[in-house]
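There is one chain below, alone, in structure tokens, taken in the form predicted alone.
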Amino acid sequence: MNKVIANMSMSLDGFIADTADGIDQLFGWMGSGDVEVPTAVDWATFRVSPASADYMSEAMAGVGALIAGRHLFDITQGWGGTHPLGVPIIVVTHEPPADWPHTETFTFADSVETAVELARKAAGDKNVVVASSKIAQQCLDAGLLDAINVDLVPVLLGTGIRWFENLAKAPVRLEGPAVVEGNGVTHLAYTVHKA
């Protein structure tokens, strides 16, 4: 069965974006190496260290669908209709856009439960990635998250948007991590302990 995995780049002090949703300090590692990792879109080819390239290539090949929140969908402008992973996208929102033309790859769901159900079906035997802080929190609270992958960046932002700030069912025990050291990033993969 496929897994539902939350994945984010995060500062050492727990932030996934600055107060203005900026990610420049957190995504620099994606262009700091010599090995190209292509994606489904021309504008998002990564250049990372060999260790990060192996980690990213394997992770990306295992993704069959992505879940995002409406806020991320809006600030990325729907990735221009194609996410870099090139997989179906399920957007959790109570107000789907009325004129969104890319309905062949984007689906809008009104709850995380529905989004996970649709994403698992779309992903087939591949994994589902959750790429939104609030949606990841809701999935964790609902018992729907199987793993948390952190791309830990050696920077202290001091303030910003935290990844798991408002958990309703804390503490949550994690197992692991599997660790991959890249240039300017440490990849940590945890399994969510389910009682």
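These numbers were taken from a predicted model, which means no experiment stands behind them. Numbering starts at 1 and runs along the sequence shown.
Note that the form predicted in complex with a further copy of the same chain isn't included here; everything after this is about it.
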>> Within 4.5 Å, heavy atoms only, one stretch in 151-159, 64-72, 123-131, 33-41 touches a further copy of the same chain in the model of the complex. Which?
In response: 151-159
> in the model of the complex, does Ile135 have a heavy atom within 4.5 Å of a further copy of the same chain?
Replying inline: no
> Is Glu58 close to a further copy of the same chain in the model of the complex, meaning a heavy atom pair under 4.5 Å apart or at it?
Replying inline: no
> Does Phe27 reach a further copy of the same chain in the model of the complex if we count a contact as any heavy atom within 4.5 Å?
Replying inline: no
> Does at least one non-hydrogen atom of Leu167 fall within 4.5 angstroms of a further copy of the same chain in the model of the complex?
Replying inline: yes
> Do all of Arg47, Asp54 and Gly86 end up near a further copy of the same chain in the model of the complex, with near meaning a heavy atom within 4.5 Å?
Replying inline: no
> Within 157-183, which residues have a heavy atom closer than or equal to 4.5 Å from a further copy of the same chain in the model of the complex?
Replying inline: Leu157, Gly158, Arg162, Phe164, Glu165, Leu167, Ala170, Pro171, Val172, Arg173, Leu174, Gly176, Pro177, Val179, Glu181
